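To begin, one chain is listed below as structure tokens, in the form predicted alone.
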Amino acid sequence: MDLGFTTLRNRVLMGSMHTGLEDRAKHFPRLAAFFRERAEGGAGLIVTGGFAPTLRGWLAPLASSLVSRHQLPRHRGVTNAVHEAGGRICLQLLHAGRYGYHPFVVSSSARKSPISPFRPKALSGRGVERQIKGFVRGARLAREAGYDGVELMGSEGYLINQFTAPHVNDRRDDWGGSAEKRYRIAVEIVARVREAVGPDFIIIYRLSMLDLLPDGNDWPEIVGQARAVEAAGATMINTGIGWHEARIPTIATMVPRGAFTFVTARLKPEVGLPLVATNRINTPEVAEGILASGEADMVSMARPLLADAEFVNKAARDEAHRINTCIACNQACLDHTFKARTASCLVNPRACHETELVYRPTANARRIAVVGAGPAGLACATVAAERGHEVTLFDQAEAIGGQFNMAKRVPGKEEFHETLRYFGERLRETGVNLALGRRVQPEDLAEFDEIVLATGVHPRRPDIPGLDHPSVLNYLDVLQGGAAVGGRVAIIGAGGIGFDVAEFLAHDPREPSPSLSREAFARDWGIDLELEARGGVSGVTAEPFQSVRQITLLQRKDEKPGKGLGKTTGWVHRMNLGRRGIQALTGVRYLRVDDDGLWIEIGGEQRTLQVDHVVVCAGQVPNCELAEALQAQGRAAHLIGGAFEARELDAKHAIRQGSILASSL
């Protein structure tokens, strides 16, 4: 892709992700290794996580910033690593504005954000100038540090976006009122940065093309802003979708692939700059389709390159089947970021840990038995075999996957098919011997040097009278056994499994899953595909697919249902089930099950739920039968995944634990 003063080797932009490694100088060597692998993997242009251009722009106290020359040496380690690998890299300048989590936040107006406890101070005219100068200084420092350009973060509800949209900006001075005055700050920043860095430096402007707020920008205002930043000197425009406070999912797994490319395509004829499409572009086929159709000039893939650093090279070699696909679960990336933990990836635990989790060839090849072909066992077996061990993978099921085979059946979690496809390829590549469809006995493991037990979990059976009643099922019966379930259902347990079962039972299998259809997803969440409504949302409650069953979700604890769900996706699941008419009861005491239904007590009052079936989703216990048999014989075994600790079917922990063990054998 020819930008005039430089040429990018392909049209893949690795989008910005805050990994947590940006916040401390001691972590920059790890950050350099992280980006080096993505540059070696073929990414055409990389954008860093956000760096604040002023201290008031911090995301949190002492978070990432670029405000002083003394910070440059650590950045040069990053830029040198990328350039040595043949890549190009831009630094993102991100001013948090009212999204900052500290008492010094500023914004266009003194309107408090719902995602920060701190009310911002409205910037004076001089204060606005100081923030603009911070952006200019940051861009100048980025160039001195060896970056090929900067991305100016003007979307997702951060400071620039807080000026451009009436959702926050209620000013009546030179920085507010008309659309032109609201987006003046964006134009000034781009123009002054261009003047400071010269003509041969990439300036990406991240434009919020779809605020997904009723009082966001309307389409003519977005077009006007795009044309203005083009005239001011931007090199390209990247697409931004949705504010962090918007109540519409934009990157979670239930969002269809390429769901928002229509908005980039709509802007294409309005400007002459290259445009970048983004959000849920996770396979080469989707990316190539966007480029071939002319919807965009580049595609941004952030988490897909977290999941597989070699994504671009594999696509170039026509080896898409070998790509470890991002499933948009958010469990190890965004969930970690919003908990101030280092980001990683559920399907690739090496992400952001490249210098720590290294799969070196073994000097002492051994015969290793791995029992259990769920996520933990698959990770352990393939990493051990990659290192040169002779590995046999056992499972009593006829197919690999373990409880991933249940997850992939839940509407909105179809991406889990991709992980099983990937592990199937890895098993073939690494030469793992498969022994499926057989229940392993201790004597089957006599000839192995190492035994790894990834035997998973059993559903926990709570102590409730009547659980042997014919109306009682467990989640395995429903998601794996294909049990017929009646029209009135009570689900005991409101954790992740309970929510999945509720979603599964609520959905009409004759209807397409909203995660597979842009139109169905837009209708479900009230997105205006015609872009006639301000902010891209109609302002009226959408009519989602209604539940085909009458479902009641119950939990013992008197707290918010699904409290333990992912930080960045839990609200989506709770809202989705609520909009489908699924009732949730908390503080429940279970009395018994009989022919009349499920008897419960809430607040001292007894009631009967007259249901056809009761589905038990009340946790798990480790499956340790084989471990106990081996222990009785005095034989040692490694336990990983659910067999080690029965969490809430925690694939993130299981894959990481299996990979770490295999790297050490």
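Here the structure is a predicted model, which is why all the values come from computation and not from measurement. Position 1 is the first residue in the sequence shown; the rest follow in order.
FYI, the form predicted together with a small molecule isn't displayed, but the following is about it.
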Worksheet item: Is every one of G15, T79 and M298 within 4.5 Å of the small molecule in the model of the complex, counting heavy atoms?
Response: no
Item to complete: Report whether the minimum heavy atom distance between S65 and the small molecule in the model of the complex is within 4.5 Å.
Response: no
Item to complete: Answer for A373 alone: is it within 4.5 Å of the small molecule in the model of the complex, judged on heavy atom distances?
Response: yes
Worksheet item: Can you check whether D23 is within 4.5 Å of the small molecule in the model of the complex, heavy atom basis?
Response: no
Item to complete: Tell me, yes or no, whether I115 is in contact with the small molecule in the model of the complex, where a contact means a heavy atom of each within 4.5 Å.
Response: no
Fill in: Residue (of P249, G157, G138, G402) lying close to the small molecule in the model of the complex, criterion heavy atoms within 4.5 Å
G402
Discussion item. Only one of L473, A85, V410, A226 gets a heavy atom within 4.5 Å of the small molecule in the model of the complex. Which one?
Written reply: V410
Worksheet item: Out of 173-181, 265-273, 196-204, 473-481, where are the residues with a heavy atom within 4.5 Å of the small molecule in the model of the complex?
Response: 473-481
